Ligand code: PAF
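One chain comes next, on its own, written out as structure tokens in the form predicted alone.
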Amino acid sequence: MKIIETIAELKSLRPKLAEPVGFVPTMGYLHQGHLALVRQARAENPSVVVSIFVNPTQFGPHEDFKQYPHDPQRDLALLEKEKVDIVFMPPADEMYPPKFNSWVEVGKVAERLEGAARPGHFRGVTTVVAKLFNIVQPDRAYFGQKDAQQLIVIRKMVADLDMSLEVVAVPTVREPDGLAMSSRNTYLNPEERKAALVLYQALTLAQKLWSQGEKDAKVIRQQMTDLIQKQPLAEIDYISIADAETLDELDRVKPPALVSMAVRIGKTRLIDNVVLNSENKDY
């Protein structure tokens, strides 16, 4: 496994990699959700590149950039076990040199939900992902369904800009009790960790209502809201039931529909989602 910190070195090694190349972009502090992406990339490609880069441009001025958890030595040990070929770990000034001033913006799907709650977030995401795609030149890139809007935004960017790669969605990896794995789960104290289960409970309720024939999105949202509000440590940012491609909010649920939410548990903001489709399963 090679650890590379400069764009020039990665570009020089890229032609030597066996094709096709699978790529997993991460911000580090890896958990089983990340490793599921790496394992699928490893299973489907003879070469695998993973990036570890905490991207400053996707964090707002009052978000947790400086506190974002990191443990690079642990991350590298985990990736070596997964037989990753290259780990790209650039410093911030390598990705954003002093005169950097070019940005990628995707439009409406990036302006809703997380985009509305975190202005500028997706501009930072799409810009760094576009740069990484240009540097790594992958044949396939792997993203988790947990960050559903990010996945939709990246797919839109790839389609609109005629990028020559496949975006592969990997199902959300959950703890045994249902909590979606996230690096931010480490912020939760034991009481908050227990309270955080209300996100999965609300999504499970939405699935149940829909499978029983409820098609009124307002009814489903209200029942999810009522359930979450029973948890005193939970504060809802948003609950959305939207078209799974456009993110247009739905009055009547028709598959595939993305049920997504952002909920604060104490000071920690968590997101989760489920896709309602004809088989009533996640993507």
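What you are looking at is a predicted structure, and each value in this text was computed from that prediction instead of being measured. Don't overthink the numbering: it's just position in the shown sequence, from 1.
There is another form of the same protein, the form predicted in complex with this ligand; it is not shown, and what comes next is about it.
Q: So in the predicted bound form, does Val167 come within 4.5 Å of this ligand, heavy atom to heavy atom?
A: Contact check for Val167: no, nothing within 4.5 Å of this ligand in the predicted bound form.
Q: Determine whether any heavy atom of Asp147 comes within 4.5 Å of a heavy atom of this ligand in the predicted bound form, and answer yes or no.
A: Contact with this ligand, yes.
Q: When the contact criterion is heavy atoms within 4.5 Å, does Ala202 count as touching this ligand in the predicted bound form?
A: No, Ala202 is distant from the partner.
Q: Just checking whether Asn55 would be counted as a contact of this ligand in the predicted bound form - the rule being heavy atoms within 4.5 angstroms.
A: Looking in the predicted bound form, residue contacts with this ligand include Asn55, since a heavy atom lies within 4.5 Å.
Q: Which single stretch, out of 22 to 30, 240 to 248, 254 to 262, 210 to 218, brings residue heavy atoms within 4.5 Å of this ligand in the predicted bound form?
A: Selected stretch: 22 to 30.
Q: Work out which of Val128, Val87, Ala180, Val198 lies within 4.5 Å of this ligand in the predicted bound form, going by heavy atoms.
A: Checking each option against this ligand in the predicted bound form, the one that comes within 4.5 Å is Val128.
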